[in-house]
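Same chain, two forms, each on its own as C-alpha cells: structure 1, then structure 2.
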Structure 1
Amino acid sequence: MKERIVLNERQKDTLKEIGNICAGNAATAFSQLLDRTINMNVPRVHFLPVEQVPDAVGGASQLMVGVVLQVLGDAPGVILLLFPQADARVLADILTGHKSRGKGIFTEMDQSAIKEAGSIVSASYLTTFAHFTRLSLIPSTPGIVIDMAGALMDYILIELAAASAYALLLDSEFVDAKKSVRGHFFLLPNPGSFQAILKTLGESDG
C-alpha cells in the first residue's frame, strides 16, 4: 500500500503562490509572443493520487490534447499539460492566427503552436519552482499526444516509465480580449523528487 502524502497549510499556500507567479510569467511570455495582451488565471491547486488524474479533467474517455515533457535535474519527473479538444482548438487558433479547419483536425502548424505554448508554460513553472526550492529542474523537448485522458495517462505511466504515485495539479486559464482556454498543468515528480520538493516548501506549520 502506497504511503499517503498530505500537504500542510504552509505547503498549500506556497504552491498557490507559485501557481500565481507562474501564471503571471507565462502571461507575459505569451503577450510578447503574440504582441497582444494575454492574461492567465490559476483557479485551483490540487495534490492528488495519479490514478485520479483522468477524473480531474473530465473522465477517462475525455478527448484531450497533451503536451508532455520529462523533467531532469535534482527532482526528475514528468510534466503533463492537458487541454480538452475544444480548448486546444481555440488555443491553436489564437496562436496561429488561423480559423479552425475542423473541430477534430490539428495540422502540423497547430500542433507545433500548442507544443510551443506547453514549452512556455512548463518553463515558467519550472523556473519558479527552482527559485522557491533551489532545485535544478530542466525540461526536455516537448512532445504532443492526442488521445483520451485515460490512454494519455497509460502512455505517461508505461511508455515514459513514470513512477509517481501523486500528481500536483495547477489549473490554468489563458484569457485574451475575446476568448479563454482552460488547461490542466500536472507535475508528476518521481517519489524521491516529491519528498525533496515538499521538504523545501515547509515541513511544518509552525
Structure 2
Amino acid sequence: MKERIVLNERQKDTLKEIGNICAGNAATAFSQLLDRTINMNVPRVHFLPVEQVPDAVGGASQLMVGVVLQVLGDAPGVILLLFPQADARVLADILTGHKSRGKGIFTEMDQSAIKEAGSIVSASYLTTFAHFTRLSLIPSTPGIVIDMAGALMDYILIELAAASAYALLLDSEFVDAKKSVRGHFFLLPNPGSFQAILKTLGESDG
C-alpha cells in the first residue's frame, strides 16, 4: 500500500506559527512554576520517517529524563518532554527547594516534581493548541522514564509506526536565562490526527 506524504511547506509554516504561540504560553506557565524566566524557541516542524526520530531528538544513546503524556480527545497523540539528566537534576532541585549537588539519584519527590512540571507545561500548550484548532484535547496523567533516549522513545514510535511510515514532530526547545535547564517539548500527533489538525486550520488538501 502506497502512503501519500501529506505535509507541504505551507502547512508546515502554519503549524510552526501555531506551535510558536502554544510554546509561548507553555513557557509562561513553566516560568510561573519555576519562578524564573523560561524561553521557548520557535518550534521546528519535522515530517520524517519514524525511524529517524531518535536522531532528530539528539541520538538514541543519550541519557535522558523523559516525561510522557498521551493526548486524548479529537486529535490523539503523544507529548514527550526530554531533559538531559543534569538539567533534570537542576529542575528537580528548583522545584523541591533541595540542594542535591548534582547527585544522580532521582527520589520519588524529584520524579513527582518533574512529572508535575511536564503536566503543567503540556496542559498549557494543549489549551492554546485546542483554542486555535477548536479541537478538544486533554493530556493524560504523566509517566516518567530515566533511560537512553532511544529506549524511552521507541515505545511511542512503535505505536506510530503501526499506522504510518512518517511522524509529524513539533519540537520546541526551552531554556532558562542561566542555561542550566534545557530541554525539548515534542508533540507527536497520531497519523490519523494529521488531517484532523490540518483541516481545522484550513490547510487540508482533501
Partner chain sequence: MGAKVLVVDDAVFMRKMIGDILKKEGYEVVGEAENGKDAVDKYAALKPELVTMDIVMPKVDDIDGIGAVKIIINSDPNAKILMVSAMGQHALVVEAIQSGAKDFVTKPFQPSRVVEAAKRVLEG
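Remember, it's a predicted structure, so these values are computed and weren't measured experimentally. Here, rigid core means the biggest group of C-alpha atoms that superpose within 1.5 Å across both forms. Numbering for residues begins at 1 and runs along the sequence of structure 1.
In this comparison the chain labelled structure 2 is the form predicted together with the partner chain, and the other chain is not.
The rigid-core alignment places the CA of Glu173 2 Å or more apart between structure 1 and structure 2.
Comparing the forms between structure 1 and structure 2, the C-alpha position of Thr14 differs by 2 angstroms or more, with the core used for superposition. Once the cores line up, the CA of Ala23 ends up 2 angstroms or more apart between structure 1 and structure 2. Aligning the rigid core leaves the CA of Asp35 displaced by 5.9 Å between structure 1 and structure 2.
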